[in-house]
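Consider the single chain below, provided in structure tokens and representing the form predicted on its own.
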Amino acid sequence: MKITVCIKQVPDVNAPIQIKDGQLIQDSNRKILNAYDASAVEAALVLQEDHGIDQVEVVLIGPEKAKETIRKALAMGADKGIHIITEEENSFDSFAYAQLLAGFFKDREYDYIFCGKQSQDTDSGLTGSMLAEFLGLPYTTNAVGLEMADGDLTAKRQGDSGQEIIELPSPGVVTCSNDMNDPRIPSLKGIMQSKRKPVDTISVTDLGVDLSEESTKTIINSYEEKPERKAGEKFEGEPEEIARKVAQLLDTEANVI
């Protein structure tokens, strides 16, 4: 059995950022493994340890320097990495990433595909479900727990009003919440071993996917600072008088009554 985890290199959300002339300026040297993807890697490794899964591999779409993020997943314990190399800068949205991953997976063998439920740079949370649609696979999103029996997964999914238990046959796609686990910190031994683990490279152009403008559905025109919140208004007086003032403001100014 093989589990392939889709991972992404993202900006460190703790690094300073600024907006200048409508552009987002980030520290290009502060890039890390997406936290949600780290939970997906951890989930795959736990299943491998508990059920003797043959291989856990990771696949990443990104520029040459993103290979260090693959090595992080290998140091955690993944067996193999695959790097789909892109230009230094790209403007892929969830739809484009899903298309590229679908092109990668269409001729490959796997039992389950794991993804983080979203990436911490855009928080779109769409790539996993789009990938499942492109591949025609069953899927579940926002998994907070995974168990395996007889080769099939049972996912505990966090829904809007409670948790759902979903049986997912193979092959299938799971997107993992970062509430599922605490990803392990690579040990020194794991870091040293990661340097000897294989990382295959593929050019993004070799996937046979149309990367024309139509392949990107989301266009970011500019960035703006979050507007400052107006100061609240404090009322003094008797409770009945204050209640009348608040009701009047809600009616005449906020128009919510």
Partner chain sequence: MSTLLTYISVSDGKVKRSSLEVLSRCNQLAEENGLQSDALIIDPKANEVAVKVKAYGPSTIYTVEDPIFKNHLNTPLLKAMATALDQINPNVLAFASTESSKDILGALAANRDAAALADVSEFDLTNTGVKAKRPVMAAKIISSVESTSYPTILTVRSGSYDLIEKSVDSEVKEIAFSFDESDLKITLKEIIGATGDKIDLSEAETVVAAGRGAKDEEGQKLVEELASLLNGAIGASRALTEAGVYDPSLQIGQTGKVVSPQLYIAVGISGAIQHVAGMANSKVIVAINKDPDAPIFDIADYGMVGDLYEVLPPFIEELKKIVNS
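Since this is a predicted model, take the numbers as computed values, not measurements. Numbering follows the first chain given and starts at 1.
Below: the form predicted in complex with its partner chain, not depicted.
The partner is absent here, but in the predicted bound form a heavy atom of D123, alone among D150, D123, D107, E87, sits within 4.5 Å of its partner chain. In the predicted bound form, none of the heavy atoms of I202 sits within 4.5 Å of a heavy atom of its partner chain. At a distance threshold of 4.5 angstroms between non-hydrogen atoms, Q48 is out of contact with its partner chain in the predicted bound form.
Looking at L168, you'd find a heavy atom of it within 4.5 angstroms of its partner chain in the predicted bound form. When its partner chain is considered in the predicted bound form, Q55 lies well away from it, no heavy atom lying within 4.5 Å. Stretch-level contact check against its partner chain in the predicted bound form with heavy atoms at 4.5 Å: of 55-63, 203-211, 40-48, 220-228, the positive one is 220-228. Annotated contacts: T4, G77 and S91 are all free of its partner chain in the predicted bound form [non-hydrogen atom within 4.5 angstroms]. Contacts of stretch 166-199 with its partner chain in the predicted bound form, defined by any heavy atom lying within 4.5 Å, are made by I166, E167, L168, P169, S177, N178, D179, N181, D182, listed in sequence order.
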